[in-house]
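Only one chain is included here, represented as structure tokens and corresponding to the form predicted alone.
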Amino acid sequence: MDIWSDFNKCSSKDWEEKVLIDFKDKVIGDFYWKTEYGKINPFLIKNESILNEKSQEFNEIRWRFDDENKLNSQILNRLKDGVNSIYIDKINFSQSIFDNVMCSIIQNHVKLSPKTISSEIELWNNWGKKEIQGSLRMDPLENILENFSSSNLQDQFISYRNFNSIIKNKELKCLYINGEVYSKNFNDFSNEIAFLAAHFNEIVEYHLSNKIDLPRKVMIQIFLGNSFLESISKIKAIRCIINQIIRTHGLKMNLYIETSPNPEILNQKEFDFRLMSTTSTVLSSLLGGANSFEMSNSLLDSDEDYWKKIMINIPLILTEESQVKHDMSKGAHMIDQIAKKMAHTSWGIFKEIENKNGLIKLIDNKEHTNYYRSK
């Protein structure tokens, strides 16, 4: 039985008329949400979906480790708390890192710096030959907005090419985009998404022009903020645009979006704020169709294991007990409308960047600052 069957259906026009009766001194445009990607009509009830989305599988709750101090015990404690994925961020290889860690039953992600030397890459390659699930990743354009240098960029691409030739396990290879840098440099979604897309396109074209095999999976790492509806829509818009670029190049690649709270938002905030903000971000990730959610020490103002366990409980409860899933956002007209407008505006900016010969040329010519908005 449909619990709504006893209620009369209302059209968008019906809702507008009802509101205007209550607010006699207003016009309907006063209720529109004005954003940098267009006006959002809260009364619109129609299918504004950017595409027929497939349901996305959320399967990773992970912790990022960027401190070598007692790293093995850190990993074992977080696995005990409930994470099923670990992320080793720019740490030199040591077999002791994985003592008593059952790597074959968890997801293992290792990020290498684009300045990593070949001998270090080889050590990770030898480790990755075992029964390892996850990814070995490197972004040759990482931090491209900070201290841009053509010579440094050339060195990073040389390291990236070595990385692709050394890593033999195809299951661990991925095309990785560190999109967190754009959250730090842009305060509007459209430019952030457009630059992230241009970043992805530069690396794809580097593979194609240098005849380097493209991996079958794309992993994009992004920060989310506290704007709940926009965070959900941001994930959907990124998926739409990246998949469009993949189709344009005629590639077969699976896209994975990895989310985490923006630590700058949590800076110097009380624990209650951090807890609520992280909860909102997990919900946005689940409803938006992210594939993994990442936590780290940066989310806390304490190094106590107890509070780390509390933080890990948030995605565990929402996924295991509350059963929040991506499908629940279907039919949410407001989210669909935001995602469509956000994607449309971002795509227009992306085409502008490509018409100026791509991201690297744009930054080399110092034209990227034209897209910045005041913080």
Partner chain sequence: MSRKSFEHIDFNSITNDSSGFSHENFVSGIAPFLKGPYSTMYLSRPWTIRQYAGFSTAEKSNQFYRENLKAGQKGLSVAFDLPTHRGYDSDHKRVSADVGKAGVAIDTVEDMKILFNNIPLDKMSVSMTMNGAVLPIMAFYIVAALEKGVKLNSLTGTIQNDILKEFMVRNTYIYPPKESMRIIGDIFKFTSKNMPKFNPISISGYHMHEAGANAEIELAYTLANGLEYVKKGIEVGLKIDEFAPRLSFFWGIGMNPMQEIAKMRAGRMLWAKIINKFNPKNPKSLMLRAHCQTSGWSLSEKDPYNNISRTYVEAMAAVLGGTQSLHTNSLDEAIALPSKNAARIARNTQLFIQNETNICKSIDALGGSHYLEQLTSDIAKKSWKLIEEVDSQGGMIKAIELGIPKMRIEQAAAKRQANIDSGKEIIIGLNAYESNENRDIDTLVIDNKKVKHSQIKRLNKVKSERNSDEVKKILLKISNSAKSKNGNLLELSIQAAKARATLGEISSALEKEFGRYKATVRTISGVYSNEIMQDQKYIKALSLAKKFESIVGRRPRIMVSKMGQDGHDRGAKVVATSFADIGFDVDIGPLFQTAKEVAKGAVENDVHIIGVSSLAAGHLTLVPELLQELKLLKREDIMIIIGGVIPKKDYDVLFKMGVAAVFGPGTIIAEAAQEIIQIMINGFTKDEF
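In this text, the rigid core denotes the largest set of C-alpha atoms whose superposition between the two forms falls within 1.5 Å. What you see is a predicted model, and the numbers here were worked out from it, not measured in a lab. Numbering follows the first chain given and starts at 1.
Another form, the form predicted in complex with the partner chain, is not on view; read the next lines as being about it.
Put simply, Gly38 is far from the partner chain in the model of the complex: not one heavy atom of it is within 4.5 Å. By the criterion of a heavy atom within 4.5 Å, Lys70 is excluded from the residues contacting the partner chain in the model of the complex.
Using a 4.5 angstroms limit between non-hydrogen atoms, His249 touches the partner chain in the model of the complex. Though the partner is left out of this view, Leu214 does not reach within 4.5 Å of the partner chain in the model of the complex, counting heavy atoms only.
Proximity to the partner chain in the model of the complex holds for all of Asp6, Phe43 and Leu283, with the criterion being a heavy atom within 4.5 Å. Annotated contact segment (heavy atom within 4.5 Å of the partner chain in the model of the complex): 74-82, selected among 289-297, 214-222, 148-156, 74-82. Checking Ser119, Ser209, Ser96, Gln268 for any heavy atom within 4.5 Å of the partner chain in the model of the complex turns up a single hit: Ser209. Residues of 321-341 placing a heavy atom within 4.5 Å of the partner chain in the model of the complex, in sequence order: Glu321, Ser322, Gln323, Val324, Met328, Ser329, Lys330, Gly331, Ala332, His333, Met334, Ile335, Lys340. Asn355: CA moves less than 2 Å between the shown form and the other one after rigid-core fitting. A movement of the C-alpha atom of Ser11 reaching 2 angstroms or beyond is seen between the shown form and the other one when the two forms are aligned on their rigid core.
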